[in-house]
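One chain is shown next in structure tokens, namely the form predicted alone.
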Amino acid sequence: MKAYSLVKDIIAERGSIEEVYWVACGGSLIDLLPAHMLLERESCRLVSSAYTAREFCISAPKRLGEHSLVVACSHSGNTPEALDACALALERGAKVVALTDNADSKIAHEPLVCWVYPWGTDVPAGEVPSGIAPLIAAELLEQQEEYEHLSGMYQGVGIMDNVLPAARRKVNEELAPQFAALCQEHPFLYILGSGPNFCQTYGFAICSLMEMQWQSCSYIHSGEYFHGPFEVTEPGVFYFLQMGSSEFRTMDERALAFLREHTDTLMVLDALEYGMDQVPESVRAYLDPVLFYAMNVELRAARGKVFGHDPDYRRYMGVVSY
């Protein structure tokens, strides 16, 4: 499936799309958020909203209907909240596109458009949700009101396939051992980031560390850091800064300057040092998250080896009733 033809067919069927709802849970929602931010920023006609799936079911907007597009994502294809959200959207007459890795899942058998994607380290960036979603958003912009950076988006997604292998090697050589060692010394850390990449700041905390490593931590927006959270900064407190490569970087740079002065335990992963300078500047903001997700995977794996904690091990998720 291709984003261009998908969007073209949807517009032909519905006449126009007036609002887009990005709906998922956990890591799947995280992958959709940059696309939501792209539409929020660039569109004059489309209203874009992003929801965790259960909240969507509880508070679906009254305007949800025939000219709405709901893009849902469930990696397993069996997430109950995502299934309920799709059912609700279909009942309200919306067009629903569901992304999943599982062709035999429940969501794949619903009366909706199902985009089954492959998964793995070597899968091209444009074939997984973090690449698919921005391309869908870019095509919606282009086909309904024009988007001057469409070619840059396609180019940038393709470039990520060259950026990521080198970035994985670099982070394992330069940061991963230090990160694992600092986790041994510090039972808690703060993670900072900004812009569309804040989704991966959030994701590093709730998915890679809290879920997959049982590491206590907290995520802070770099722009919000100076509006309360910086008061706990002091020597001995562990901070990890995800420094983006786009125009949002100014917020990260301000946080970095303060952290360097007021704590002695700081790690910085700078996207510009990990290949994002190769990506067209106009779309870096929406592709930084692709880089940082890959870096998060390597860092959690390094911590897991030191702690003897397999990232796939769970004590609650899918194990007990909740």
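Start at 1 with the first residue shown and count on from there. Predicted model, so just to flag it, every value in this text is computed and none were measured.
Here the subject shifts to the form predicted in complex with a further copy of the same chain, a form of this protein not shown in this document.
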Site test, 47, 211 and 315 vs a further copy of the same chain in the model of the complex, non-hydrogen atom cutoff 4.5 Å: yes
a further copy of the same chain: the contacting residue among 100, 130, 194, 245 in the model of the complex [heavy atom, 4.5 Å]: 194
Contact residue in the model of the complex, from 159, 112, 88, 251 (heavy atom within 4.5 Å of a further copy of the same chain): 251
Partner proximity in the model of the complex: residue 120 to a further copy of the same chain, non-hydrogen atom cutoff 4.5 Å: no
Residue 277, heavy atom within 4.5 angstroms of a further copy of the same chain in the model of the complex: no
Exercise: residue 84 in contact with a further copy of the same chain in the model of the complex, heavy atom 4.5 Å: no
4.5 angstroms heavy atom contact with a further copy of the same chain in the model of the complex for residue 232: yes
Answer range among 150-158, 200-208, 131-139, 112-120 for contact with a further copy of the same chain, defined in the model of the complex as heavy atoms within 4.5 Å: 200-208
Neighbours of a further copy of the same chain in the model of the complex among 201-229 [non-hydrogen atom within 4.5 angstroms]: 202, 206, 210, 211, 214, 215, 216, 217, 218, 219, 220, 221, 224, 226, 227, 228, 229
